[in-house]
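Take a look at this one chain, the form predicted on its own, written out in structure tokens.
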């Protein structure tokens, strides 16, 4: 299948209440959002309540809250930790509760705002190859640097010689934990700041629900990112995100899952990095066993030969790994 045709055979289409059919359309603008959220939790009132199958178009701010506007800006002076990575929502769904699954189909992630619409930078004591607060080093931080880039569907113009592919995705998306309030900078079992490039248009995310209504949050969109988000910052952008939400009743599991045309993926976040990989692969083994008839040991052995992993980030408070297997091996 090509394009959107595979969606008719997706888990969402087969098992969700609305069977993958789009229903009412809603708009959540920056003005409609009002104040952003910097934690994922059950304590904020929903900004919007929708029904299974509804489509929501959300305007998101960039991870910096839009305050870095030129290459002369100082991230240290402009950014006010921990008020980073602003999130839209929460969006509640009627008829969903603990023990259910919230399915989120990503229809589009579109760059918005004036050019240069993309921003990346070096933030002192943040990144994969520097000393940080938790990996303490005596050497001085790297100097700050801001790079602004033109972004459109033809590519990301890094400089006069290099144009990167335009591969937009959602860096931070997830649902409310049951009781915690977790920083929007941190990924965990609820989703959050996973920075996983597969969370892109065409994919379907599956989240285990912990509270009534699910409470979906979204923000931090990227125009491009390499595996690991090495310096800690992707090509950050404001975006217009189109999501379709649905509920799969009585389907629960421990960590977020993702489906594309060609593969299934389970997502784990932890430190050290190998624990994130272990979580992701363990959850994939359990999914193959529960839903596809594999003996767990057979699934374990097959993944040793055919499993693939994707490094989302190696810079956040917890690191993120996606473990996947091609669907053709599951039939």
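All values reported here derive from a predicted model rather than from experimental measurement. Numbering follows the first chain given and starts at 1.
Beyond the structure shown, there is the form predicted together with another copy of the chain, which is absent from this document and is the topic of what follows.
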- Item | Residue among 47, 67, 302, 30 with a heavy atom within 4.5 Å of another copy of the chain in the model of the complex | 302
- Task: Could you check which residue among 198, 180, 261, 73 gets a heavy atom within 4.5 Å of another copy of the chain in the model of the complex?
- Result: 180
- Message: Using a 4.5 Å heavy atom cut-off, which of 89-97, 198-206, 76-84, 104-112 contacts another copy of the chain in the model of the complex?
- Response: 76-84
- Heavy atom to heavy atom, is residue 244 within 4.5 Å of another copy of the chain in the model of the complex? no
- Contact test in the model of the complex: residue 131 vs another copy of the chain, heavy atoms, 4.5 Å: yes
- Task: Determine whether any heavy atom of residue 230 comes within 4.5 Å of a heavy atom of another copy of the chain in the model of the complex, and answer yes or no.
- Result: yes
- Message: At 4.5 Å between heavy atoms, is residue 36 in contact with another copy of the chain in the model of the complex?
- Response: no
- Task: Could you tell me if all three of 142, 234 and 274 have a heavy atom no more than 4.5 Å from another copy of the chain in the model of the complex?
- Result: yes
- Taking heavy atoms and a 4.5 Å limit, what residues of 122-138 are near another copy of the chain in the model of the complex? 122, 125, 126, 127, 128, 129, 130, 131, 132, 133, 134, 135, 136, 137, 138
